[in-house]
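In the block that follows, a single chain appears as structure tokens, in the form predicted on its own.
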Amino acid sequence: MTDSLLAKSIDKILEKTEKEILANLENSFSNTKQTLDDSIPKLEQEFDKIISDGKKEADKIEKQIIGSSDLEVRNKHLLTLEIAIDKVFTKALDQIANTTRSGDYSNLMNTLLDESTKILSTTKVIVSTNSKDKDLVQSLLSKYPGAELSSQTINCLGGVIVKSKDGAMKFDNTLDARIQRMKPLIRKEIATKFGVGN
């Protein structure tokens, strides 16, 4: 009888423990399920944010690639144009160097001397020119009282460098200097016509 009572007591304890364990398991399962259910919207939000950030980064990279390609194409256009412009300048300089010193050239030299003396506001000047133009310049100086030709020749395509006799002022009106002053404007105009450089 004692064994029977003991067995019943043990059975009751086991049954009670089993119910508590099952209740705890059911409760834990329910809590875990609720936690997962609560986490789903947060996970979906995080997923959407990752996708959105990824798209933004991809768009940014795409724009950088396109911008880089556009810049590379533009730079190649500018380089090609620059090479072509340099060839044109070289050809023009060769033609100027080999031009005959005719009446038109004489008029040009007179204009260069006139501009130079007006810029310096005096005809009391020393004029330098290249060896090809020395005789021509000497013949033109009679129109400019006080002007004299330098005994030293200069290395240039043509034109003159004019200095005031006191040495305070100097104006480079050689064809070389004039071309250098005009080059940026000519380049800009050509680049604009070809749609590059702006």
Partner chain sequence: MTAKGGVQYSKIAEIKGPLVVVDDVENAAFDELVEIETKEGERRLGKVLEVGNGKAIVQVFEGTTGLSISGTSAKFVGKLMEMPVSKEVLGRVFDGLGRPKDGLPDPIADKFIDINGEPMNPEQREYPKDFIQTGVSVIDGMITLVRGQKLPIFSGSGMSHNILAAQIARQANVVGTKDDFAVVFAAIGVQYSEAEYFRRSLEESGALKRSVLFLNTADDPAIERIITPRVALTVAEYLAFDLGMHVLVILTDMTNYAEALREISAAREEVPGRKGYPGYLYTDLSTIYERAGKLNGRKGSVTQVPILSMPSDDITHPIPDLTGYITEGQVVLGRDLFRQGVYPPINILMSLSRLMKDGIGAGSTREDHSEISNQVYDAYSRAQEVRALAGIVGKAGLTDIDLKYMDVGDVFEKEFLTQATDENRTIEETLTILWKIVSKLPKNEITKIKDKYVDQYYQEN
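Positions refer to the first chain, counted from 1. Please read these numbers as outputs of a predicted model, since none were measured by experiment. Basically, rigid core = biggest C-alpha set you can superpose within 1.5 Å across the two forms.
Note that the form predicted in complex with its partner chain isn't included here; everything after this is about it.
Here the chain stands by itself, but in the predicted bound form one stretch of 125 to 133, 32 to 40, 66 to 74, 148 to 156, 66 to 74, has heavy atoms within 4.5 Å of its partner chain. In terms of contact with its partner chain in the predicted bound form, the residue from 97, 88, 108, 78 that brings a heavy atom within 4.5 Å is 78. By the criterion of a heavy atom within 4.5 Å, residue 55 is excluded from the residues contacting its partner chain in the predicted bound form. In the predicted bound form, its partner chain sits beyond 4.5 Å of every heavy atom of residue 16. In the predicted bound form, its partner chain sits within 4.5 Å of a heavy atom of residue 82. Taking non-hydrogen atoms only, residue 181 approaches its partner chain to within 4.5 angstroms in the predicted bound form.
For the stretch 85 to 119, the set of residues having any non-hydrogen atom within 4.5 angstroms of its partner chain in the predicted bound form comprises 85, 115, 119, in sequence order. Once the rigid core is used as the reference frame, the Cα position of residue 131 differs between this form and the one not shown by less than 2 Å. For residue 167, the Cα coordinates differ by under 2 angstroms between this form and the one not shown after the core has been superposed. In the core-superposed comparison between this form and the one not shown, residue 155 has its Cα shifted by less than 2 Å.
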